[in-house]
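Provided below as structure tokens are two forms of one protein chain, presented individually as structure 1 and structure 2.
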Structure 1
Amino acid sequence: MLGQGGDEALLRRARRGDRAAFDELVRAHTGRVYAVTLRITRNPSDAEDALQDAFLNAYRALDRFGGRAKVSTWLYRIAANAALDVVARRRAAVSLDDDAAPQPAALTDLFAASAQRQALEAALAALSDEFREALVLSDIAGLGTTEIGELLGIPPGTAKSRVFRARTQVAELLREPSAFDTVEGPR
């Protein structure tokens, strides 16, 4: 990841039409953007769609970056929006056709199979969607509670409470590995 100064310089160049600068910005942030979209959508295919949507939307919105937030925050916010849109579309589709419900991601296939990683991913998977989305936006994307509240359509105080409770639940789950034996996929 680049520093904030580097990000801003790249964004200014990209805004003037320098595609190479935008590509560099993409390369610098793809990892974290994908981490956010994957944990929100919980499906690699949906996460990839959201990843592509996020950078396409960011490019189209380059001239609307106000400079009040960090470039990275602005990008992760766009990514979170794209991921939440994908989830909303999926939920709508599932309500129309339950047979088409996506299967939970095979987490052990997706990531390095360290015990620590598996435990963390399983703990995240065990959270309710509301808690997981808030926690991912806070601790992976680094968004503040106000931004999380805006994205999820809840007051900042509720966002803060969800983040704290989600983090506490993950910590508790990590203390009790046996709890993962009964963890099921989303809904």
Structure 2
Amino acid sequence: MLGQGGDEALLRRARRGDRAAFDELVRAHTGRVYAVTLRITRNPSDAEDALQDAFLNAYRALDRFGGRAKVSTWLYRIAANAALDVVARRRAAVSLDDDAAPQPAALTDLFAASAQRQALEAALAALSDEFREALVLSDIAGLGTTEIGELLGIPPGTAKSRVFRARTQVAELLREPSAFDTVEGPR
């Protein structure tokens, strides 16, 4: 990934119509932006759709980037919005057609068979959208609570609280049952 100065230089060039500069920006950030969209949508196909939407939206919004945040932070916010839009469209389609089944994960997702990964995906799916988004931006995109707060339009303390509560909920959901959890009464 490029440094912030490199990202800003590419963004300036892209604003002047240099498509190669925008392509380079896309290549530099595709992996992490995809990780954000995948964690929010929880479906590789939807994540790819959101990824494409995110970069298209970023291209259209080049002139609106104000420079108050890092270019990467700006891209993650656009990606999170695109992913949430895809999720909303999917929910709307499912609610309109009760017989519609969710699309299966792509066979190319090598980690889908992992029990740990499945448990983590299930735990993330159990979170509310606001907690899942905060956790993804923190732990996948690597943003700090100040940046998360700016992206979500909430105070940094609220962002910190959401990340903490999301981690606590995920940890509880992933916790292995112990012998103390199955205490039997007298026989």
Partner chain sequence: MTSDPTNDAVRALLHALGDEPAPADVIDRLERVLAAQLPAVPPGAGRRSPRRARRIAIGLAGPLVVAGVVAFAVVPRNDRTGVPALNGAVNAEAAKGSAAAGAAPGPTAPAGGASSMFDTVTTHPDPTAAAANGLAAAARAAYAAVEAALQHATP
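Throughout, rigid core stands for the largest set of C-alpha atoms superposing within 1.5 Å between the two forms. Note that the structure is a prediction, hence the values are computed from the model and not measured. Residue numbering: sequential along structure 1, first residue numbered 1.
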query	finding
Number of the structure representing the form predicted alone	2
Rigid core superposition, Val170 Cα moves 2 angstroms or more between structure 1 and structure 2	yes
C-alpha of Leu152 off by 2 Å or more between structure 1 and structure 2 on rigid core	yes
Post core alignment: Phe65 C-alpha displaced by 2 Å or more between structure 1 and structure 2	no
Distance the CA of Gly142 travels between structure 1 and structure 2 [rigid core superposed, Å]	3.9
Value in Å for the CA shift of Asp129 between structure 1 and structure 2, taken after the core is superposed	4.5
